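First comes one chain, alone, set out as structure tokens in the form predicted on its own.
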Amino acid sequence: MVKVLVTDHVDDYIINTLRNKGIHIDYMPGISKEDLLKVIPEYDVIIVRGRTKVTKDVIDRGTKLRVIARAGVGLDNIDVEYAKARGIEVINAPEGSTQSVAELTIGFMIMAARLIALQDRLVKGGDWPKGKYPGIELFGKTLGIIGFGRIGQRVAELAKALGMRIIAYDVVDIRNRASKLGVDVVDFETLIRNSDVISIHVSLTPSARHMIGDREFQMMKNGVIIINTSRGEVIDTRALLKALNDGKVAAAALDVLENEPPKEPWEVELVKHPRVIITPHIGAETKEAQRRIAEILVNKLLDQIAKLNQ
């Protein structure tokens, strides 16, 4: 019998559906790395979200492991290349959270443009800062989207409704997709220099790490707004903090950080900065997204488990 281990909190639909299919499943959300290494040899399938790191040592200990399933989009917490080299199938549900992440991105843009979080904190603290922090309209502004996959495209569609001009950059050819949405394709430097708002939607790859640092901030317009709902490592945190303090960046809205939760002194300072909006990596944390992810993942899992039972 195929045995499945779930090591992070997932939608009940995954657990209930697999059990109703007669599949043995052990639900151990929050299991430590040490305990995972002890039990993983018993399992054919492991299901994780973003917390559990399926590293080389975990894969090596998983002598029966045949499928690694990520209940979400990104795979940077899984050593995909090593898993595939060992003949292990790696599956995820990249389609499931597109709308939720895109909506959060648009919400971030509006909050940052009007400094809503700052003004909210001041009023709740007893101040009445009317007239102190004028915002900007997004209408007519240029939105630069770095990474034009599912989420980037949906952000473009929503931003069009606000009357924004959209430019986009990606490492792959996006001209066909962009033209259908009325989006101008530009090179990376052109996007950095000409955007009023920059929104990042890239996977974490070695080339993407710190793709935005001191050099890029210096090229940007004064008063630019930075939005990041992808991975924290794509922005050099110290460089962003400096750009905020220098006034180059008017506001930043971040759902991700290099370390989650923040631990370095400059990260803590960044989180506390009055012009930074921060959320704890909640882009996909809506009821609708989690259910879509669960349904997509279960269908893929059932296909894989059927193959294992053959």
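Residue numbers here begin at 1 and follow the sequence given. Note that the structure is predicted; figures quoted are calculated from it, not measured.
Keep in mind the form predicted together with a small molecule is missing from the figure; the text below concerns it.
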Region of this chain that lies against the small molecule in the model of the complex, out of 190-198, 113-121, 225-233, 156-164 [heavy atom, 4.5 Å]: 225-233
Non-hydrogen atom contact Ala284 with the small molecule in the model of the complex at 4.5 angstroms: yes
Any non-hydrogen atom of Glu216 within 4.5 angstroms of the small molecule in the model of the complex: no
The small molecule contact in the model of the complex: Leu138, any heavy atom under 4.5 Å: no
is_contact(Pro94, the small molecule) in the model of the complex, heavy atom dist at most 4.5 Å: yes
The single option of Val90, Leu181, Val186, Leu204 touching the small molecule in the model of the complex, heavy atom within 4.5 Å: Leu204
